[in-house]
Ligand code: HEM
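Encoded as structure tokens, the following chain is the form predicted alone, with no partner shown.
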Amino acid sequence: MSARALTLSTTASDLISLTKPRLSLLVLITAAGGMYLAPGPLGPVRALVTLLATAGTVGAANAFNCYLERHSDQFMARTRNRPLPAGRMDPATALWFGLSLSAVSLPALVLGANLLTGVLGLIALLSYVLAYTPLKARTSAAMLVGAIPGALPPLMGWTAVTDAVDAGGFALFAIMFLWQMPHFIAIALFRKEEYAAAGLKSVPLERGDESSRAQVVLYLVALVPMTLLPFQLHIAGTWYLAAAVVLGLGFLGLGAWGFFKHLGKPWARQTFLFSLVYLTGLFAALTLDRVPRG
């Protein structure tokens, strides 16, 4: 491979990494889930355009985030090798990449889905970049703000089909919103020193480990009954209900074990990993036991 080809390959790889592909994949899966669960038809072309535009919008938000956090990213092991903190990319390139993705993806959302979905995409982009990202260095409440764009993709998938924010779409939004709380508190617990070195606020740094473990339990207490809504709203059937109860009680039990036993980083890492298993299992059950619509 020539030096020029190698350089182009590295640049392309770095641009893709700005979009945080693993996070973007999770967003795409939840958006596709919302689209599949919503009542009504959506043609394959419109569905594909909507998903690609959603991916582009999320990728743009992540690129802007990498640009804004390029200095603090140097102090965290999981981020210091990103293109900007590692010095492999000019910050202006990342900024223009984010702007270009936004300029293409947001209009595509409107054209592929509808105006409502495009507006939700814009809200997700702006709240993530202009609210959540700068607030991370000021207050642990940034987690609540950041959970809004994180919870919007399944609602966007739903509105792409229904062109309305109704009870079903709200239920998916609420589940994703509440799920993020124990997920991100767990990360902040086992990466507490890295957050401190980067100058980022978190619940463990501001409130302490005991309060963090208590908040994990409280959010799980709110999450478990919320996951029953898809059954009550006739979005999914009894197999989903059983899966939601079993997964929810398992998640809540893990959280309570950590709280009552005053457990530390190993428990926090287990909670983080289980949160991923939990979300995967919940959406798999939703998809497999979807109630057919006439």
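Please read all numbers here as calculations on a predicted model, not as lab measurements. Note that residue numbering follows the sequence shown and begins at 1.
The same protein has a further form, the form predicted in complex with the named molecule, not shown here; the description that follows concerns it.
The binding site of this unliganded chain is open: after the named molecule is superimposed from its pose in the predicted complex, not a single one of its atoms comes within 2.4 Å of the backbone or a C-beta atom.
Contact with the named molecule in the predicted complex holds for all three of 23, 132 and 276, each having a heavy atom within 4.5 Å. Comparing 90-98, 141-149, 209-217, 167-175 against the named molecule in the predicted complex, the single stretch with non-hydrogen atoms within 4.5 angstroms of it is 141-149. Of the heavy atoms in residue 187, some are within 4.5 Å of the named molecule in the predicted complex.
Taking the partner from the other structure, the named molecule in the predicted complex has a heavy atom within 4.5 Å of a heavy atom of residue 183. Interface residue remark: residue 268 is not counted as part of the site for the named molecule in the predicted complex, having no heavy atom within 4.5 Å. Within this chain, residue 27 lines the site of the named molecule in the predicted complex, having a heavy atom no more than 4.5 Å away. Residues of 49-83 that come within 4.5 Å of the named molecule in the predicted complex, judged by any heavy atom, reduce to 78 alone.
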